[in-house]
Each structure stands twice: as structure tokens, then as C-alpha cells.
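Here are two versions of the same chain, shown separately as C-alpha cells and labelled structure 1 and structure 2.
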Structure 1
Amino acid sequence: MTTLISPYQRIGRDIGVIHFGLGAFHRGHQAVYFDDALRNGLGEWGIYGISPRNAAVTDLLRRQNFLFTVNERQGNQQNPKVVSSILNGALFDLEHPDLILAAKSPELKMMTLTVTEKSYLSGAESSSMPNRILDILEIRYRAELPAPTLISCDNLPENGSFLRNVLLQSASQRNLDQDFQNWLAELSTPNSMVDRIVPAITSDSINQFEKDFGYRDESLISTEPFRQWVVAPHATTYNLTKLGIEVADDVAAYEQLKLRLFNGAHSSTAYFSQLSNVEYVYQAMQIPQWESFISELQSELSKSFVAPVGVDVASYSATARFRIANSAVAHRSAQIAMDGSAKLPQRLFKAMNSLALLEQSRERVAFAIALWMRFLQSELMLVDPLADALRERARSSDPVAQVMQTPGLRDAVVESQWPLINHYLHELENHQPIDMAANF
């Protein structure tokens, strides 16, 4: 890859960030913020990237010196940029000298994570996410160096507190040195809200990019122009706002806003698309009845929480619909439909429960949940940590009750609301999803 050139000096720099989970989302989101920081001379923000399971990602990146293109796309516009903030990286290996160097870097400021929702529920095995993070932190602790700030960039409400709890729990289960456990308890783990549509890349996009720009990038990222990162205030000496990261007291409100109005709409569109034989979610948004259903679903969802101060919920919702409808970003409905049991609690179930408590209308939310259950009943490919149990329960004679009581499912919809979901699930046996959506 001789065509990719970094706009700044990379050799000899200290690592500023260790990142865990080198998927497309990290490369199209956090890596871009840190790349901007390096371009603007804001200090050492170079990343050491760890791939938890898949050596292919780091091997591919290494072959191109960890340089890759992020192509921002909207309509006919393309805006490719070479990102060079990942300085080094490898498959997780505690003995790897580069990982040890990174963990002991005098400039280490942060450890960030994108490991997907389900990894936070992973068990006690040594390869689980919490245990691996603990192993890295222990290197830092033993070297008596200052603790980094830990920032979860996964789509979970109160992701920082969630991460903190799983780490402390694993440390105590493993009976780790009490002084290390005390050090961990002092770690700063601010909650954070991250947002950008970054689908898994397809070979078609790589080929098309080569035709358009004259070079081939096997690590290409295709994304939208929009991006947002909001972090709760925490004890650090560096100024995140200079990096374009918003620091806000009410991060929980931003998380709910995004998880319900964006991701809730996204997941609902994904299950609708799966059941309607629609490959990409932007195609579903081109169906006027579906677009208007989503708009009404968002207004129902918006009554389930208190929005952040100063945010206009109607225009936030409209922007979310516009973003999902971006036809230049090919996001497969099958990809978004994965891991529903780990996503829907924060995207739809909790909203449904709050709306019931507040005695607000919730028919559209119930219908969206019924779409997921119909998807579980179908023959469509199901990728989910609870796949077997969910499929069997969804096909039983009392599917809603059975699915909602699946062991391992968090924040299930409360029993009083099951009949409403059941009603739509029955209707779906005889009606097309689009006809039902149009009838609200």
C-alpha cells in the first residue's frame, strides 16, 4: 500500500490510547477523533489496537502499516481521508512486547472499548472481555503508572458504570490482589454516548472505491458524514472538547436519546426489512409508509425519557431517519438484526415499560417488538448469543411469555404488556408487516 501516506510523523511516538476491539466502528469513529487530534498537534493520541479474537483484522492492517481510508459518503458525495492514528496493534496476547510497551506508555491517557453489547455479559473464562481488560490494567498497575481513563464505546446505557461493575466483579471472583482491586475501584470510567453509522465493509464497496480513486484499500471504511461522541465529566487533565468530544453532565439523557430514537428505529427497520426481504435498511426507508411509521414510532419512544437540555427531539428524530435513509452507506438489515437479545432491552423494552408506567401510547413499540419475535419464529438466519433458546421459545404456543422469560434476557418487557405484543404477533401471521405499519 504505497498510496497511503500519513500527514504526520508516526515513528517513535508514544501510545496515548489502548483500544480493545478493532472492528469497523472503531476505525470509523474513535480512530477519526484521535487522528484529528494528531493532525492538529494536540498531543499523543496514537492508538495501540487490540483485536480480541480475530487476527485477520490486525494482519490486514499491519500489511498496510495500519493506515486505512475512511470514506464519508452522502448521496453522490464522497470524502475519503487517510486515517493514521492506529500506530500499532495485534491480536490479544499478554506476552506481546508491543502490548506491554503500550500498557506502560508514559503518555497513556485512555483505554477505549468497542466489543459489542454481548461481551459485557460474558462469563468467567479467561478469554472474556473483563478478564482481558483486567490483565492489561494489571501490567499498568504493577509498573506503578497512573491509571488510564476507561471509556466504553458500546451501545449500552450507562456503559461506563456497566463496565466498571463487570471489571470489579471479575476481579473479586478471581481473587486478585486486594491492593489491585482498590486501584481498580478508583478508576475513572465515565459513561459515553457514541454515534456513527459504520457498516461492515463489502467487497463491492472496496472494488468500487478502487475504480473511483485508483487505489485498493482492503481495510476501507465507508461511513456517513455525521459523528458524535459525548462523555461524562471525569477527572483528567486533558481537554477532550478540543478533540471534538462533547463533555456533558447529562450523558444518560444522550444515551437514551440515541439508543431509543436512533437505534430503536434502526433495529425496528432491520426486523421489518428482514421479514420483507429488503437487504439494506436505506431501502426500507424509501418506502413512504415505513418512513412515516418510523417517525410515529419515534414520537412514541420520545415520551419514554427526558431529553438532554437544548436538544430538539423532533429534529433529532428527523436527522436519524435521514441518516438511516443514506443510500450511499450500504448497511445490511441482517447485520443490524444480529444480537437482538442484547440490543433490544435498551432500544425498545425499557421504553415500553416506561411508557406503560406513564400510561402513554405504546402500540408502535409493541408492534416493533412483535416484528423481532416474528423474525425469531421465521427461518431467517439468526445470530444471537441466546439464539437456540429464543428460536425454540418463539415457536412455542405462548411465544411472548416464553421469550420474555428467556434466561439471560435483561430488562424484559413487563408481563402486563405481553398481551399487546401478542396481539401484533398474531396479526403478523396473516398480514404483511408493511400493511400493518401503514394502518397505525
Structure 2
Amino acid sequence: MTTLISPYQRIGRDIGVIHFGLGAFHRGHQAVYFDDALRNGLGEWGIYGISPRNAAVTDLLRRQNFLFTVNERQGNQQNPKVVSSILNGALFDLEHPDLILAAKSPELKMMTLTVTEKSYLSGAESSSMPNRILDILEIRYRAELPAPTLISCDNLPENGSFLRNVLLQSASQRNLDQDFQNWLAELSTPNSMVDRIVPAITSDSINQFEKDFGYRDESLISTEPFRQWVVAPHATTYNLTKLGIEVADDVAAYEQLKLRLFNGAHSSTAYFSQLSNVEYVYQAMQIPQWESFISELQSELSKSFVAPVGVDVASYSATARFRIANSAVAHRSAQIAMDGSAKLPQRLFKAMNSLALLEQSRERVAFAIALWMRFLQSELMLVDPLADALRERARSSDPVAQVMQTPGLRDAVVESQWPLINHYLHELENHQPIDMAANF
């Protein structure tokens, strides 16, 4: 039986990256980039992985010597690869000798993050993510070593600037040494954008992989072939483009491209699927009328922002639809439909407002928002930070106005556009979503 074997020498290597958050996305995305760099002899890019609050992932990886498989899948095609770039890791412990060694590594170039938005909250709590980063940086500062580049890989607008602000705020709140605070002010924290579909793995997937390839990997990652990482220019001693990472001034434009044309289409498909009793979003994309609607929706959304220079928007949109339709990377519509109040402002609401301001067509965007509203009115399971308020307001006599004025809902659709959403919401009371989508 085949076992997990690294394709390169790992013993004796210096840590090049410290990463916070060893979830599936990191293992299926950033760890792959750094693995490619190590395979191609591009320097020391080995990772020390930190589990911020739970040791389950690091304990699992340790049992496999921090080796795991990333299986890229498209339709019936599978392309598994053993990823070895995570050299070590543990639950965060500032006294752990391995963490101290990583913090003092002469090859440390980056600290990267894939954590939840709430993890960025600053404050006095010692276990907060900003304070833990500060603790590691202080070790490096005291050792008189160069500061690493800090790169947030989370879906936050201007994530690098956001990270920088919370670190400086936390350092000030803690009254840390002023010289250290001055050193922090010079940190490089470029904005970045990451993209790849990495669904949660299941025991069935692990069992099937063992049957197909002859070895068992409890830390298996199943993902799509597509991946993208865009980082803003910054002063470095290394060349990111050699790692396959794009360097671009307009990271915000890439964020909009992804949020509107991929994530907007993804969320819309999820709510359509939920209301149509379709379990997986790829199944919805197999319905010709819906695939056609999504293409037209993307066309509307593309007029709500300025795309990055040199990007073919039509080609990008087609690739996004192809990705969502990938049956080998099955995303449950219920999973994509979660937390709509946090996701849709960036994906659909702001687009609707921009299109209205530009006097551009926005009927399909309004229908997509109405699908979410109808989902809120239904008996389907609702997982959302504002779930109770949204469900009650969606079932009121004036649902669009009530939902859009929900306390805590950010960047709501402007009032002038409520009647258009209301029109489609009323139509959904008497017509199936697919029939309405087909009539656009």
C-alpha cells in the first residue's frame, strides 16, 4: 500500500512562513504554493502552522508527519499530490520551543493568516489573534531580526490595511515598548486576494480516495484545479511571481471581480437551489435555464465595478460558471447559503446600488436578492448571525423594507431600489424560481 512520502528533503530546513489557521483552505491553497516553491528549489518556504484555539488539526497532521494529500478534481479527473510544506505546527503556545525557533528563523519571510473576521478584533484579551501576532513579532524584534511580511488571506476589504490597523491598535492598548511600536509601524502588510473552492471533506470522500489510490489520508483535501493569489506590491527580498503569486496594484479590483462574478453567482445559485430542493450547487448549474440566467446576471454585475486591467471579464465569468458546475467538488447549497447577511452586502447589495447610480440594468440582481428574501421567509434551515431578526422581518407585511433596515446589516440596498426587489419577491409567492429565471 502506498504511503505519504515527501518529494523533497524536509529535515534540517529553516521555517520560511508562520501561518495562523490550519483549516482546509490554507492546506488547499497557500500550502500548495509554498510546496511548489520547495519542489522547485526556490528557497526556504517551509511552514510552521499555528492552530489558534483547537489542536485537532495539528494533532491529526502530526500523526501523518505533517504530510497530506491535495486532490485536484474536475469531473471524473483526479490529480492527487502529496503536500509537504507544513514542516511543523501546534496549538498556540508562546513558551513552545518550536514556536520560538520559528519566530527566530533566519529564513522567516512571511506571516500569513486564514482566520475568521471576528478574530481580527483587537483588545486586551491575551488570546486574541492580534495579540498573539504581536507576541511573535516581539520575539523577533528582541532578537534584532528583520520583520516578516504579514499577509492576510481572509475575505476582508483591504485586508492588509485592516490587519495593520488592529495590530497597531492592540500594541497601543497594551502600552508596549514605544520603540517596538515604531518598528511595527514600518511593517509591510500588503492587501491580498485569494480564491479556490475547498469544500469540507467527508469520511465518505476519504474512504473513496483510499479505494481509488491505495492509501488512507485522514487529512485529505479535495479541491478544484483553479487557484489564484493576488498580492499588492511591497518591498521584499523575494520574487512572489516565481511562486505563481500575482503581484498587482489593483488588488481591490480583483476582490470585486471575485466577489461579484464568482461569489455573487455562487450565492445566487445557492438560494435558487435551496428554494428548488437542489442539494448541490453544481446540480443547479446543470439546468440550462439557470446556467443561462447566471451568465446574464454576471453580465449585469460586471457593470457595477471597474475590472482589473488586462482581465477578460467574459472569460472570467465563464470560468466562474465552469467552477461552480464542477461535480467533483460538491458544495452543498445549504452551506453556501449560510451567513447571507454577512456575504450579500459585498456580493449583491453594493452592486445593486452601484448599478442604480449608473442607471444600468439590475433586474437580475434584484431577482437574486429576492431569492434570498424568499429563503428567509421559508421554513428552510437558516444559519446566520442575524437569523432571528431576519426571519421575523422577512415575514412582516413590508419584508424588503424591514429586512434592509435590520440592525447590524451593513451596506443595505438603498430605498429607491426596494420596489424592484419587492416585485420579484411577490412573484416568487406564486411562481417557481426556475420559471421566473427562464423568463428573463
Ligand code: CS2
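Since this is a predicted model, take the numbers as computed values, not measurements. Numbering runs along the sequence of structure 1, starting at 1. The term rigid core refers to the most C-alpha atoms you can superpose between the two forms while keeping them within 1.5 Å.
Between structures 1 and 2, only structure 1 derives from the form predicted in complex with the named molecule. Once both forms are fitted on their core, a CA shift of 2 Å or more is seen for Trp372 between the two structures. With the core held fixed, Thr114 shows a CA shift below 2 Å between the two structures. As a two-part rigid-body motion between the two structures, the smaller part of the chain turns against the larger by 12°, taken from C-alpha fits. The shift recorded for the CA atom of Gly264 between the two structures is 2.4 Å, with superposition on the rigid core. On a core-based overlay, Pro407 has a Cα shift of 5.9 Å between the two structures.
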